[in-house]
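Here you get one chain, nothing else, as structure tokens; it is the form predicted alone.
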């Protein structure tokens, strides 16, 4: 099993922290992982993306040229990364912010209103966790228990109630 993932959006949407969580959870789940972040000129509000590889076999390089899955949290990320997705891949769209629709018929498109779901749970800050839940459910790359177990390790300074909101967000994303 090999899963190359690109996660992209604005800085401040938790794109990079979602990648870190997935990589850490992959290790907890006994997989080989790589994580490679990339930032735009600005941090918050600028562009951010990261590549995560999760595999049952050793990984030769951290570069994801043709990803199996692409997560787009904003409109600019859609136009940049949707064409890179390999045929048969999965495109995860934050339909709360992305109005573009793929014209490709060789990929699976999963639209999740992550901002709306996060607000229903209680805070927009957990939208990335909603998306993480949907991603792990559809790809099967990591066990959801590994993600939940990794939350306090990755977010060491988070208060217990915030960790609980993140856990709820992951579960709601998986259910959507």
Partner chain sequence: MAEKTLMKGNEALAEGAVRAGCRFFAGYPITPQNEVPEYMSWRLPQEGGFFIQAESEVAAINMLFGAASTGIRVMTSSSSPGISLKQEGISYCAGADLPIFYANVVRGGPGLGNIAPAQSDYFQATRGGGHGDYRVFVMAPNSVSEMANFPKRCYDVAFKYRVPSMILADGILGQMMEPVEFDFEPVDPSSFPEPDWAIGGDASGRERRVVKSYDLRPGRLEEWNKERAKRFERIEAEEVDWDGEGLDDCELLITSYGSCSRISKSAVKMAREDGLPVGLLRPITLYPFPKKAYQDLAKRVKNILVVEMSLGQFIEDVQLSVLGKVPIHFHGRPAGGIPTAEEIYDIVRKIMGK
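Note that the coordinates shown come from a computational prediction; the quantities given were computed from them, not determined experimentally. Positions refer to the first chain, counted from 1.
Note that the form predicted together with its partner chain isn't included here; everything after this is about it.
The partner is absent here, but in the predicted complex a heavy atom of 63, alone among 124, 109, 63, 143, sits within 4.5 Å of its partner chain. With a 4.5 Å cutoff on heavy atoms, residue 58 counts as touching its partner chain in the predicted complex.
Its partner chain in the predicted complex is not approached by residue 148, whose heavy atoms all lie more than 4.5 angstroms from it. In the predicted complex, its partner chain sits within 4.5 Å of a heavy atom of residue 34. None of the heavy atoms of residue 10 is located within 4.5 Å of its partner chain in the predicted complex. In sequence order, 20, 23, 24, 27, 33, 34 are the residues of 1-34 having a heavy atom within 4.5 Å of its partner chain in the predicted complex; the partner itself is omitted from this view.
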